[in-house]
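Take a look at this single chain, the form predicted alone, given in structure tokens.
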């Protein structure tokens, strides 16, 4: 799909109130797109709407929980009552949970699977059929992660959902290609967004773990605005899997060429984490 000029195109972005979603929505608005956006945070949603409208683009905005099937059904009905179909669908909403598997509550599995995986499924289920029916092509972007092909300890549920999003996207790409609709699984590396600061952490010192992770992402200083341009390039190139950032591209190659090395790195990281956890748990 040509995204150099998005005049007269409608783009839908979930989780558009902050981070990657907000940056990508604005980047598409600056290229002429009108936006459909949703988020659970009303203040973030209102701020994003104002920024998009300032570019001259039209905006349809709604507070929506992507994990809630009926809420997504109602959202889709509202949108399709105004426009026939979206041209670009970006399933971006997601959360992070850091926990060893043995410390991970089952209800938190329900939450992360509901948002990170089923949120993507719901977005596709309620919006893709209208794209097919309109028969004018389009593109679907599902936000996976470097964690969607490189497993790391302490992030089992996050890994599981992001691997699933990548697999779902690769499968969907084949199905939708016959309709002229592209699909891209975006796999960023370390991006400085609110997801790390807001993630749920389980362990002996969750606040310190969150602070350490936040410092790492802040120090990396790769902002969502830069990532948004990479996503648009991936859409333009019709990439099915798009590892963006140097660390994501490196590990994408390593997992394909030397999976044993990646597994060794993961075991070393898990051992170090276990040692740090044990030290933190000592009185």
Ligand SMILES: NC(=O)c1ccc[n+]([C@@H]2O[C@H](COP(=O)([O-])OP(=O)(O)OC[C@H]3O[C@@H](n4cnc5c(N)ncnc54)[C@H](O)[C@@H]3O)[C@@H](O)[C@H]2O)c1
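Numbering follows the first chain given and starts at 1. Keep in mind it's a predicted model, so treat the numbers as computed, not measured.
Form predicted in complex with this ligand: not shown, discussed below.
With this ligand left out of view, choose which of 195, 118, 85, 176 has a non-hydrogen atom within 4.5 angstroms of it in the predicted complex. Only one option qualifies, and that one is 195.
Scan 27, 234, 66, 52 and let me know which has any heavy atom within 4.5 Å of this ligand in the predicted complex. Partner contact (heavy atom, 4.5 Å) among the options: 66.
Just one of 253 to 261, 41 to 49, 235 to 243, 27 to 35 has residues with a heavy atom within 4.5 Å of this ligand in the predicted complex, so point it out. Of the options, only 41 to 49 has residues within 4.5 Å of the partner.
Can any non-hydrogen atom of residue 185 be found within 4.5 angstroms of this ligand in the predicted complex? Result no; residue 185 lies far from this ligand in the predicted complex.
Residue 75: touches this ligand in the predicted complex, heavy atom cutoff 4.5 angstroms: Judged by the heavy-atom cut-off of 4.5 Å, residue 75 is well away from this ligand in the predicted complex.
Taking any heavy atom pair closer than or equal to 4.5 Å as contact, tell me whether residue 93 reaches this ligand in the predicted complex. Residue 93: yes, in contact with this ligand in the predicted complex.
Exercise: residue 190 in contact with this ligand in the predicted complex, heavy atom 4.5 Å: Residue-level check for residue 190: yes, a contact with this ligand.
Let me know which residues along 141 to 176 have a heavy atom within 4.5 Å of this ligand in the predicted complex, or say none if there are none. The stretch touches the partner through 143, 144, 145, 158, 162.
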